[in-house]
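Only one chain is included here, represented as structure tokens and corresponding to the form predicted alone.
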Amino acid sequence: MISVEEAQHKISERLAPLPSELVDIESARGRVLAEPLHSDRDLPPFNRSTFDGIALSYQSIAQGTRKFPITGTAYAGSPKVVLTDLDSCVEIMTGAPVPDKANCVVKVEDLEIKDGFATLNDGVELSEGFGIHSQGSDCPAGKTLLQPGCLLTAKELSIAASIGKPQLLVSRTPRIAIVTTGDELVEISALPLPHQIRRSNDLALQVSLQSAGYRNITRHHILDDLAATKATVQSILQDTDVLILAGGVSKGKRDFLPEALENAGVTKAFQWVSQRPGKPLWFGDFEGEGKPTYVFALPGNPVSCFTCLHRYVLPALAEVSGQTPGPSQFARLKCEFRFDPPLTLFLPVMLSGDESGRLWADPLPFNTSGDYISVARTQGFIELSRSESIFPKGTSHRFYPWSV
């Protein structure tokens, strides 16, 4: 067996970014940006008023003037008006360009406007630049606003729209195939015989992947037949970027996947990892028609399958999609925990927070790797090092959330 760290390294060293493609901005939500975005002009592009009122020269106020003739009106979306006299003012609306010689905006509620004049109310305190959103104060022209690798959500897309980007270069969405095997698995709607169970792993994997933003997913099931397994694997590899297998890669007499993968030309990088759950984890890659396919064979037991997806597959998908990784999350153990076997333990936990914003992990050990009922109560798992057996209360450990 190899360590968790070795397994992660062997996966990462084989991954390569997916090619990029140009998409309309309306279709870019949830995609990963593959180009830097720069401001095409100063933002804001002019000195703009931050509220309705009057624009004037602060010097006149400083000299004691309180009443100003109104010589024009500035509207948002209209060309800049001219302040003809430093002792006059211009009515101005929120978002309108401030006249060149004006350097102060007074709120309409701080004024009395009557008979073409604006008079400042008593006690109003102003300063030069008050009420003005200065040109370029958000960012100057040419500044990098978004870097490649960021996930495009509403806020990033609004930035792209503001700089005139109707199309964006993004990483191609990975094509993912999920395959389950076994005569013992039947459809969800079926009435299983005493020796059968309903399929749940592939659905759990699909929903988790969709929750993480991956939509291009197909699901397949193969009965325990060597010829059918070989044919199905060979076919799927041609049109898939990531193949996820659930079960069927151990040493059982009907575990035909290892032979089928080898027959199809998949190179095994490793199998068996010093971890619980998920010891039989298998990983390899396939070079076909100029593009690689990454193959993850996850253990068939539900907890093992679900945990390995979150520990290995989802980070790998983010990497090939070019997504910049976010900061790691950590949680502190709420009580002392002991685990003697020399294995890395992925321990399901229930989370709580304290007044300082720290996360606390309450261990909820699973009965077996098939005990998905108890795991459903948790929010994720913490990773406990195989180099220790006693984990004191309050110690901090990396936390992996379930995708929701």
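Only a predicted model underlies this, so the values are computations on that prediction, with no experimental measurement involved. A residue's number is simply how far along the shown sequence it sits, counting from 1.
Form predicted in complex with adenosine monophosphate: not shown, discussed below.
Taking heavy atoms only, is residue 173 within 4.5 angstroms of adenosine monophosphate in the model of the complex?
Contact with adenosine monophosphate, no.
I'd like to know if residue 311 sits close to adenosine monophosphate in the model of the complex, meaning any non-hydrogen atom pair within 4.5 angstroms.
Because no heavy atom of residue 311 falls inside 4.5 Å of adenosine monophosphate in the model of the complex, the answer is no.
Indicate whether residue 329 is a 4.5 Å heavy atom neighbour of adenosine monophosphate in the model of the complex.
Result no; residue 329 lies far from adenosine monophosphate in the model of the complex.
Counting only non-hydrogen atoms and a 4.5 angstroms cut-off, does residue 236 reach adenosine monophosphate in the model of the complex?
Residue 236: no contact with adenosine monophosphate in the model of the complex.
284 to 292, 194 to 202, 73 to 81, 150 to 158: which one contacts adenosine monophosphate in the model of the complex at 4.5 Å, heavy atom to heavy atom?
Heavy-atom contact with the partner occurs in 194 to 202.
So which of 177, 120, 185, 104 gets a non-hydrogen atom within 4.5 Å of adenosine monophosphate in the model of the complex?
Comparing distances to adenosine monophosphate in the model of the complex, the residue within 4.5 Å is 185.
Can you pick the one in 301, 232, 271, 323 that has a heavy atom within 4.5 Å of adenosine monophosphate in the model of the complex?
The residue in contact is 301.
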